[in-house]
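Shown here is one chain on its own, the form predicted alone, set out as structure tokens.
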Amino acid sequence: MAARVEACSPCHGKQGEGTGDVYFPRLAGKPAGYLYNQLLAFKNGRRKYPPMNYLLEYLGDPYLQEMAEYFAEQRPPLPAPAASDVSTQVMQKGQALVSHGDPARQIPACGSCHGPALTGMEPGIPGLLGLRPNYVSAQLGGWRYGTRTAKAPDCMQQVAARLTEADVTAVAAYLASRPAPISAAPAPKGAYVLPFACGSEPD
């Protein structure tokens, strides 16, 4: 499989560790269920990025599952935290939203779904570490404006719709500043109770 996924390397790195381009995310270590569902979404056109749509269009679903499992098993080190030019106030706002959410606006803490260590949860919730702020901002924007979607209940859309542009900037900056945890493995399935009516199935 390592040889078969060479086509992924220029954008995502040889082990899925990510590359210098901030818009191509790290794949390594994310739950296989999550990765598989994203591959399906690109194949079926639910997620739109022409190079990915074209690359996956004619690959069979079992092959996509093998690809997802391969990258899920990779454990290259997380990159160093990204340098940030945001103010201390913005960083503190990001920390508050990531760690505690904003109950008054029905915004849960990021950690309530993505884990206290922000490493995700099996089988389908991705980790948020090792991503650059521009990528995080772009994905939150996609959820906010409906260009990225999930099956109902679309919990990320519900959360992102309640975020302001300033919130997105703060959350993205704070997440990108986080150092690697002792273990980057996703939490086991059912390790904690999710907010709303969200499940932990991949989407």
Partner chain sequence: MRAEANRIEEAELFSFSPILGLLLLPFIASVSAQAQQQAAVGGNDIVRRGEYLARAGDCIACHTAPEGRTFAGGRAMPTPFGMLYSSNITSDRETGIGKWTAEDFYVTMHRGRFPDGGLIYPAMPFASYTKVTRADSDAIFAYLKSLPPVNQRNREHELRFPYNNRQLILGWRTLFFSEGEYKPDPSKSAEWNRGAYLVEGLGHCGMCHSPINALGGTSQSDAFKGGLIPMQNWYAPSLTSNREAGLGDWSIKDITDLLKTGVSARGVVYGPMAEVVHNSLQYLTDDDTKAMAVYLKSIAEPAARPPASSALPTTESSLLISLGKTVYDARCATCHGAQGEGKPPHWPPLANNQSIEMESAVNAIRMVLNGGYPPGTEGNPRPYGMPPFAGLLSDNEVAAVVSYIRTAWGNRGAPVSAREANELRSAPLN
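Residue numbers count along the first chain shown, from 1. Only a predicted model underlies this, so the values are computations on that prediction, with no experimental measurement involved.
Another form exists, predicted in complex with the partner chain; not displayed. Remarks below refer to it.
Not displayed here, the partner chain is kept clear of residue 162 by more than 4.5 Å at the level of heavy atoms in the model of the complex.
Not displayed here, the partner chain is approached by residue 53 to within 4.5 Å at the level of heavy atoms in the model of the complex.
With a 4.5 Å cutoff on heavy atoms, residue 59 counts as touching the partner chain in the model of the complex. Remark: residue 3 counts among the residues lining the partner chain in the model of the complex, judged by a heavy atom distance of 4.5 Å or less.
Heavy atoms within 4.5 Å of the partner chain in the model of the complex are found in exactly one of 28-36, 140-148, 166-174, 61-69, that being 61-69. Contact here is defined as any heavy atom lying within 4.5 Å of the partner chain in the model of the complex, and by that definition each of 7, 10 and 44 is a contact residue.
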